[in-house]
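Presented below, as structure tokens, is a lone chain in the form predicted on its own.
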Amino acid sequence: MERAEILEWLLETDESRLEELWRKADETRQDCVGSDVHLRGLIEVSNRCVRECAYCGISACAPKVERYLMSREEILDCADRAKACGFGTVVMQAGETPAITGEWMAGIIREIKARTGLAITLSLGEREESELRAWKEAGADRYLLRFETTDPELYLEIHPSLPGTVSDRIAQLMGMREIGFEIGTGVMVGIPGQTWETLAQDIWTFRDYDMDMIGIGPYLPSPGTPLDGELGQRLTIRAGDQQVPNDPLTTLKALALTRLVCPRTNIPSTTALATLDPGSGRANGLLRGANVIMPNLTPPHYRVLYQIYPGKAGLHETVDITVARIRTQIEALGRTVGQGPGTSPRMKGQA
């Protein structure tokens, strides 16, 4: 598939044509990663963050955020729960904060490996190479770092660099791959200032770098953030009639196209999609190329504080209810719950 064809599909509105896209994506998913849906337990370790990302409800510039950092024991309890639920992976996610030190996290990684044997995915922001190497040596398997957009001007608008630094997330991802991590990235669909050309280039970039994991979710505005206010209005005006909508249909097109250009990649049906379309968003993601779901294991009193956007799906559910509902949904689609870590096919090919 060429870049021009990606753009053509993104602009497609004919339902019969789109059925062809959905069919191709689902067949490609079946042929390349199978019918398994891998469940990966999410632990939102901390909402502390030094970044001032314009879209995020826990960024340093977000208003009235009650900050927290889970204790080592609380994190380990969540990992034990992931094991008990039959998950193959635990995902530790947090804002970018010096409160999470390299040594502290390395100790937690080693303990999770010793207690559970689970695969470990980290999503802790931009970190020093020495920390990344220490975490890989301690047993971490994967690292997620969204590059957000391939439009450099838009990137700087929504993701200002820290003083004295230059952020190059593609270069960081390639560095993580050299260290030995499976690498994951992603973008939001419909972020103010995103044009159809930009989104097509984002998907093309996924193909170029053969990512192991790719998250595609809709942009959901977080009240009080710059992108929900004047900045967002200015960027939307700048994009004009080329502004990408943040709706379920466009998100599903981007997801399906990502599956077609990255056939072996692990792709989640995201919580953001389920939030935007509570009735069928998660199922539609699975029907259009996704093969991963990430149930939230964060303790409820912390979960309500990790509000990167409002109204997250399953925010007030117990883990047992969430997992039972997801398993039922997977089985209703004729799919199976994956066993084991769900290692990237690219990594398997290197073994």
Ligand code: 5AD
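Computed from a predicted structure; not experimentally measured. We number the residues from 1 along the sequence you see.
Quick note: we don't show the form predicted together with this ligand, though the next part is all about it.
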I need the one stretch from 70-78, 258-266, 101-109, 213-221 whose residues put non-hydrogen atoms within 4.5 angstroms of this ligand in the model of the complex.
213-221
Give a yes or no for R146: in the model of the complex, does one of its heavy atoms lie within 4.5 Å of a heavy atom belonging to this ligand?
yes
Does at least one non-hydrogen atom of Y302 fall within 4.5 angstroms of this ligand in the model of the complex?
no
Although the partner isn't part of this model, could you tell me whether C49 comes within 4.5 Å of this ligand in the model of the complex, counting any heavy atom of the residue?
no
Against this ligand in the model of the complex, would Q93 count as a contact residue? Criterion: heavy atoms within 4.5 Å.
yes
Please state whether every one of the three residues L39, A119 and M294 places a non-hydrogen atom within 4.5 angstroms of this ligand in the model of the complex.
no
In the model of the complex, the one of V65, I308, V323, A313 near this ligand [non-hydrogen atom within 4.5 angstroms]:
I308
Heavy atom within 4.5 Å of this ligand in the model of the complex - residue from A140, I158, M188, L199:
M188
